[in-house]
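The same protein chain appears twice below, in two forms, each given on its own as structure tokens and labelled structure 1 and structure 2.
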Structure 1
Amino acid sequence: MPKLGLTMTEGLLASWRVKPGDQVRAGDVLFVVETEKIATDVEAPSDGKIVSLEVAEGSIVPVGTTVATWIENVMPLDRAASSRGSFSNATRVIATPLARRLARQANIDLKAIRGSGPRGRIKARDVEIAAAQQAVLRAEADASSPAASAAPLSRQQRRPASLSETTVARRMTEAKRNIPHFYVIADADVTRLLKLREELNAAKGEIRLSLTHFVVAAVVKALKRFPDINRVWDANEIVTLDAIDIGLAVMTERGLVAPVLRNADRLGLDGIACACEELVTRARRGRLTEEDLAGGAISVSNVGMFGAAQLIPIINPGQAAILGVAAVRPVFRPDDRGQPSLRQELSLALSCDHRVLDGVSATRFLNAVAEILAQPLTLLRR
């Protein structure tokens, strides 16, 4: 069992991708490990042959424990070996760990599913669609049977929560119960920001800038102005952080994660955009480490792309605040002459830990974020 993070002491061996006798190439996935925060594919370091599996699927295994035995570099792999049942990239079904788990629970053959991901990779959503189709066919068959009228058809579906889902549920419940939340809400005029973003993206830079990138940059600038916000509660101590690290909420097929953007104050707007996109990509591919998910005092969660009018999020355990970002909406505001002027506004909601922050400091910080977004040219300077 590999050590996948500094704090990892054990992991759940979620599934085997090989069986005894299989020939494997370097880079083939041998098994999937789940910790409290992530699921990780463990790959073969070189070519070899699997001799035996020492640990069953679903076992919680201490770091360093032998989970399988194998012989390295037994023989070169070829198509003849593959045809005899060996494990190779040419024959194995490409699917995410969550998709494989859902398929096992629903008793669905992954070979019968066409994946919607890159290179035909089967995602959890593909399995859910297949399961729903299977349920419809089964319901239609049951409805046509003579006994169908004897009992009503139940449409309720149940499945065990995955380890990651259970962990998120536990951590969020603990956070809401143990962290005394309070909330500050403000609107930001982003009329100029949207025009600036359009101009910058039309210039065809290295990366397209999203509203989230601007919000993260504004939070960074506001933290530099109000460093007392950059602190957390830890074992009855208030800890002020030296670095400005920002969490970024990302929805993945395994659930919601919040990887942390390190030393964001050392990056310009383009650097923040590139770093955010790299984090999002690794999060959605299941390539985050435990270190990626630790640290920082504040996160940003943007649901504006889904049309939400407002988001009041729950603080991530270990942090002291989270900024909820909603959709941009057009509103009429009086201009300097008192005439109605069409503006574009963004709703911001800051959830705060009252053990660390108070209403005045939180309001000043949130107002600073709103002011920076309203004057976006300042974000082009470090």
Structure 2
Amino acid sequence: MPKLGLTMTEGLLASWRVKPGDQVRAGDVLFVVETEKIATDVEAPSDGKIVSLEVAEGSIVPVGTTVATWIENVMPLDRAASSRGSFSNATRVIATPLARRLARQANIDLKAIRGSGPRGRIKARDVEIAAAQQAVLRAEADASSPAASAAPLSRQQRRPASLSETTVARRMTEAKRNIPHFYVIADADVTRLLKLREELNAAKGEIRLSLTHFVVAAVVKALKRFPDINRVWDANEIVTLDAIDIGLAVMTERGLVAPVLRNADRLGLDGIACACEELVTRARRGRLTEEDLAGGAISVSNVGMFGAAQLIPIINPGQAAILGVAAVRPVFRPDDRGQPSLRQELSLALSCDHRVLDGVSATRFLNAVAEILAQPLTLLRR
């Protein structure tokens, strides 16, 4: 049982890939070891023949236990008979003797190291750096879900993340790590809003209004009522914004973006609708500028069209809140007389930055949004 990490004391022999009598080549996988952290293929160090297997699959044995016996070939196995090309194509690792010793001791594969010495020679320093990196990776593996990492590596498909995916990953990680999120959830009765929208959209030649447009308009109106919500945290300063700019989460082929609708309070419902559609179109065509993505204290992210019961989003970095909008669903509510009444509702979740917002103000704001949505005619007035 090889020691596959500094702290490894025992290993689970998950599966055998060879059986007694098998001829193996250097590099062939002999067996798979699972530790609490990772599953590893153990390769034959040189050519040879398996004589016997000493440990059954599923056994946990201490490091150093003999798991199989084999006969190492002094001469490479039928090297002459095999295709010479495959051997000559194999890249020889150029490394100093000390680098080789350190790699051996730290259980590091020299093939994975890029040498910094003359002609790409791997030096001791290169191995030391690789060892340090490996230690970091192990630490990260510790933090990640054991179940996920324990899945056989061979079943996974891997591809490098694109630049935009990497950017999203970095920004979201930063936001989630740096912004102390709290969440307020409310339901909005959109029965009347849906009727109003239907009537407005029935008129030909006018822009089609979506639920998102109404929500954005409601947020704009609520912000006018609660200007203290329109603020952000910036390097230990609380910045209250004059303009009412609203971010709009848009899913594109290249990933998630959140362009900002400028001076939304100056626009009517139609204007908001036009501006939103213009932003979405540009986002999907990849025509957004840096400027489109900056500013605002709050964004709206609507996944209702995909049927979500609730969406609790992550705040965009630089902003202080984001409103997650879920799907409209029919519910029975008691009316004034206590009789069931069929209503259309959706769930609103407001994620807030606790550095600039608090539960009371956020709740008041969210309730205001819900109220506005429940009485949509108010949105027709500036």
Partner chain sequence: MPELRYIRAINQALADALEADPSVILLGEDVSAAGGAFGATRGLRDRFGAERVIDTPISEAALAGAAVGAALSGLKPVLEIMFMDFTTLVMDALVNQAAKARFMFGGQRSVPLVVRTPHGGGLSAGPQHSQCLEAWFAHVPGLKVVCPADPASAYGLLRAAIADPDPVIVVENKALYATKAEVPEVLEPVPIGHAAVIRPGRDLTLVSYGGAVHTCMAAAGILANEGIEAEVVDLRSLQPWDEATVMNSLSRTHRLIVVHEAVEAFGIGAEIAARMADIGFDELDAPILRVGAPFMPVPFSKALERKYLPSADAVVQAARKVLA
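Small disclaimer: the values here were computed from a predicted structure and weren't measured. Start at 1 and count along the sequence of structure 1; that gives the residue numbers used here. The term rigid core refers to the most C-alpha atoms you can superpose between the two forms while keeping them within 1.5 Å.
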Looking for the form predicted on its own among these two structures; is it 1 or 2?
1
Establish whether a shift of 2 Å or more occurs at the C-alpha of Lys111 between the two structures, with the two forms superposed on the rigid core.
yes
Superpose the two forms on their rigid core, then report whether the C-alpha of Cys274 is displaced by 2 angstroms or more between the two structures.
no
Core-aligned CA displacement of Arg125 at least 2 Å between the two structures
yes
Aligning on the rigid core, what is the distance the CA of Ala99 moves between the two structures, in angstrom?
41.9
